[in-house]
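Quick heads-up: it's one chain on its own, the form predicted on its own, in structure tokens.
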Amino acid sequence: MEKKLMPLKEAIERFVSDGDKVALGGVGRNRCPMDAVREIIRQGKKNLHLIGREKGLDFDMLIGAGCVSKVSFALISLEEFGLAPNFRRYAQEGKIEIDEHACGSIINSIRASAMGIPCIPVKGFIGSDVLRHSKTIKEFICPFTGEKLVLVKALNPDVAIIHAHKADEYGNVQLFGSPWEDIYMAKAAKKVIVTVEEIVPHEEVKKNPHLTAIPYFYVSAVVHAPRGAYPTSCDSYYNYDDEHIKEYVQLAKTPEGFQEYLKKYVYKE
């Protein structure tokens, strides 16, 4: 096995390119790859197509920093902290392309990619406005049952970026708590960057092989990034920082305020 441990700056430089489709792990304010998001902004990546289910601070920061041209999502929100201000501003002004889904369709679009198939059938959506506007969800008649269903197009990410709990230097990744869609993302993407709270010896991984959620052969780079999900949470390590998120919401209400946030928390590093 090749050792894949590398600094975050190198991982982003090597594996994230302008124009890539980038799937970001985590959900809402939980276990989002925030260190990687900040590094993408610092490196000035452009024209990214972001993919995720229920996303928040990670998507909103990348959008506000001018890194994004398209988003595929079910929800982009800061939950009880309010709307995602950059996303709302860019969407209303037509500065980003919107590929809106429901949870079931975005999850299945990633599953289809992981399975290596171009699309996958799902139930639901019939009569929904999502079908009227979507270019990636289409009605069809099942040839076996005659039932009206929908097909969801595979999204095929170029790179997935996931924050996890532990990994060894070869990229065997351990995830605790809910994995959400992160394992599907790792299987779907051409390249996978995993930031982790802890690097553990390979011997520890071999003693507990059942804990390996993402095996090394899916992983392109593993990065030691303690508190790498901050200010979102990493279950069993730390909670989300509600005061930080409140500050973000206040500053990001305007483009000028968002630039102040970036200077304070992103470019300072």
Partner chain sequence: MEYKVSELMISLMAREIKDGDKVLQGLYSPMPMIACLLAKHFHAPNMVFFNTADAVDPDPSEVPFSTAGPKLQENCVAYLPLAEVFDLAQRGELSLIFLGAAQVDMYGNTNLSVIGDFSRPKVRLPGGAASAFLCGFMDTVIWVPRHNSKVFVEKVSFITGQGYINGWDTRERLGIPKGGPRKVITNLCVMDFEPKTKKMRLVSVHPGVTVDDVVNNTGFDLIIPDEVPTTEPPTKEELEFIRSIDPNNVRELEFK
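The structure displayed is predicted, hence computed values, not measured ones. Residue numbers count along the first chain shown, from 1.
Missing here is the form predicted together with the partner chain; even so, the following discussion is about that form.
For the three marked residues, 163, 218 and 226, no heavy atom of any sits within 4.5 Å of the partner chain in the predicted complex. Site annotation in the predicted complex: the residue of 155, 114, 74, 151 reaching within 4.5 Å of the partner chain with a heavy atom is 74. Shown alone, this chain has one stretch from 24-32, 199-207, 57-65, 37-45 that lies within 4.5 Å of the partner chain in the predicted complex by heavy atoms: 24-32. Taking the partner from elsewhere, residue 241 is found to have every heavy atom lying beyond 4.5 Å of the partner chain in the predicted complex. Among residues of the shown chain, residue 100 is one whose heavy atoms approach the partner chain to within 4.5 Å in the predicted complex.
Contact check for residue 233: a heavy atom falls within 4.5 Å of the partner chain in the predicted complex.
None of the heavy atoms of residue 190 is located within 4.5 Å of the partner chain in the predicted complex. Residues from 111-137 that approach the partner chain in the predicted complex with a non-hydrogen atom closer than or equal to 4.5 Å are 111, 122, 123, 124, 125, 126, 127, 128, 129, 130, 133, in the order they occur in the chain.
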